[in-house]
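Just the one chain here, the form predicted alone, laid out as structure tokens.
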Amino acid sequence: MNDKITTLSGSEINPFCFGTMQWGGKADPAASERLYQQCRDAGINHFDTAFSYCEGASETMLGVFCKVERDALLIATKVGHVGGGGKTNLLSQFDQCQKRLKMDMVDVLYLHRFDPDTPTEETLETLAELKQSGKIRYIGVSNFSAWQGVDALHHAKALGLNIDFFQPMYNLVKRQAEVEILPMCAAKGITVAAYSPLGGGLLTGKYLRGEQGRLIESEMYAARYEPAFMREAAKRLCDLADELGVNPATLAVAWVHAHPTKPMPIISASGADQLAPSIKAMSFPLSEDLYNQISALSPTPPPATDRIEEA
């Protein structure tokens, strides 16, 4: 993690982040506030939201909860998931983000996804305008490939900017980020905030127990985690957790953060009991041997070269 990134008050950022995607959805206002306080009690001071989360309810709630301690926190939001990365769309959405959050300045603004139909120069010039006007402090990209991230970094540097955050999907059964994204970010000094460390709940064992969740309720998540090896890895992780007397969610989240490049897991939940095992991962002593044991539960992605004899 980039040690130059701080809260407004100058505090260091906790190596874990909380994602508020469920606030206003599965988590009602009362549950959401409890989750916020649970995070603060654990020392988490980085909260992630987006223009598109729960039709704005996520941003609205976060703005209310953090009002009295705003300067002690790092607040991130995202724009451009719908409507593209053009200037008009980004400025319009960010204006609504600010109004919902009730913030003149937001710490981190991500482009939520890569837009192949908008020139990268236009997108980065828009983000530069927001930073130069004091409306954002840091710039991030989400759901970009490594080459798209390097291209964005190239255009950012031409404008005197940096790409400060990179937000990929990363968990035990979604390991593509290990091939190029994590090494690239480490080489360029970009902080990685990794979302879905629990694989939509797959790695908690909830579906093995017949419980409901995104993989059943959402076609997108069902397709994302359909491969049989993913279900088998989840079962084996749960068996290992039983042997160790640990919640599998704790192992899954601790494993993400234990990668040599130290990604920042974005943990989330709809209730306090659900969040507790992820918070325990912050202090779980994951040894190198256990890290390797967990890694062996799923396939390591091939290297980004055909010269595998040299990898």
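Since this is a predicted model, take the numbers as computed values, not measurements. For every residue, the number given is its place in the sequence shown, counted from 1.
The same protein also has a form predicted together with a small molecule, omitted here; what follows describes it.
- Heavy atoms of G80 never reach within 4.5 Å of the small molecule in the predicted bound form, leaving it off the interface.
- Though the partner is left out of this view, G201 does reach within 4.5 Å of the small molecule in the predicted bound form, counting heavy atoms only.
- Contact check for S268: a non-hydrogen atom falls within 4.5 Å of the small molecule in the predicted bound form.
- Not displayed here, the small molecule is kept clear of G85 by more than 4.5 Å at the level of heavy atoms in the predicted bound form.
- The stretch among 153-161, 177-185, 237-245, 208-216 whose residues place heavy atoms within 4.5 Å of the small molecule in the predicted bound form is 208-216.
- Exactly one listed residue, out of T120, S142, T126, Q93, brings a non-hydrogen atom to within 4.5 Å of the small molecule in the predicted bound form: S142.
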